[in-house]
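Single chain ahead, written as structure tokens, the form predicted on its own.
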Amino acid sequence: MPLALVVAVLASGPALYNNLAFLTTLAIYILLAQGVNVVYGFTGYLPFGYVGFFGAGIYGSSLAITYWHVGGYAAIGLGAATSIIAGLILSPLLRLSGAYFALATLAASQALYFIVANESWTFGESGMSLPLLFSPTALYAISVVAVALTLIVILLVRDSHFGLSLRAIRSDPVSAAMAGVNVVRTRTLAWLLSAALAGVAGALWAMMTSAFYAETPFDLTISVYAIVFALFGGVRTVIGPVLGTIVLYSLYQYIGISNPQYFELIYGLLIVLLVLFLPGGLTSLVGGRGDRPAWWNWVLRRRSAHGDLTPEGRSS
């Protein structure tokens, strides 16, 4: 599915479904799923505690709006910066792997929650009320732009030498290091990019809800949804997390709210069927490279002519 078509569908969302809160939340989950795509799809690190970055972005942007009186765009940047700082602090976790890394990120996200929720250190359970910086329509438009820019970034990562290094690390870190890849630096950059996407999503969430309460943004369900959305659509692709988010979150909107018992059953069956028959996600039905826009294929052909990449998009 071409990227332009995805952006066009999202941009026309209000005309198709008049519920801006749902559409903005959908865009936020797309950003979170793409963040999981970076850190898990390209590097193989499963972040069970990914919600910690999301919460850090909400907290940082809320502080900036409340006490520094910054504008909306600055709040988005500061939300991303807060999550990047959290990522730098937690970067030693990248020395772990497998289940140890997943559990360590889970513990780290809970530690961040208890720090933020502690009345003696921060605002605790009392939270913060935020002024309305954007109208719902404007905020959704900004969310669509954020998604479009994110898709371009993921496309650049996937088809670059950096993306090739990430895939090499995922396959065999030792062999990648012997081939000249700086494993620690490459992993850290992917980790921070993933954190930045969660921070942007968090800032958008803060401005959408106009409030910050510690228990909401650190809910581990958000991590689970982001991971499942990415896997359902297909990681290591650009469009996969978008498709997974649209299908599953729309299913939740139509079934999960009014009939949660049926939603859990249908949701569980979809995951089982995915694992059994489509381990590569929905995008495996159309091939892994079906999400390249025509202009990007032209760029790859030009780079191939100069010896940088093969026509398929792999580094030479």
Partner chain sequence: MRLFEYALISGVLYGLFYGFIGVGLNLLFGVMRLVNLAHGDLVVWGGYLAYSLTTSAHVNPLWAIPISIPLALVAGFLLYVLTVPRLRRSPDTETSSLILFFGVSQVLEALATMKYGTNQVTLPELGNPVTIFGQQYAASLVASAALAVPALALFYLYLYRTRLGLATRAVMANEEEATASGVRIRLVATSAFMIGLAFAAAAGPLATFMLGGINPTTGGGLTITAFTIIIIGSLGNPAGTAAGGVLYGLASSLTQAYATAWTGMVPYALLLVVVLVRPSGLFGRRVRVA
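This is a predicted model, so every value here is computed, not measured. Positions refer to the first chain, counted from 1.
One more form of this protein, predicted in complex with its partner chain, exists but is not displayed; see below.
- With the partner removed from view, the residue among V145, A177, A138, I115 that has a non-hydrogen atom within 4.5 Å of its partner chain in the predicted complex turns out to be I115.
- Between its partner chain and the residues L156, L88, L149, V224, the one pair within 4.5 Å by heavy atoms in the predicted complex involves V224.
- Figure note: of the listed segments 188 to 196, 71 to 79, 161 to 169, 105 to 113, the one touching its partner chain in the predicted complex, with heavy atoms no more than 4.5 Å away, is 105 to 113.
- When contacts are judged by a 4.5 Å heavy atom cut-off, N182 does not count as touching its partner chain in the predicted complex.
- Its partner chain is not drawn, but in the predicted complex it has a heavy atom within 4.5 Å of Y40.
- Using a 4.5 angstroms threshold between heavy atoms, I84 stays clear of its partner chain in the predicted complex.
- In the predicted complex, its partner chain lies within 4.5 Å of some heavy atom of L46.
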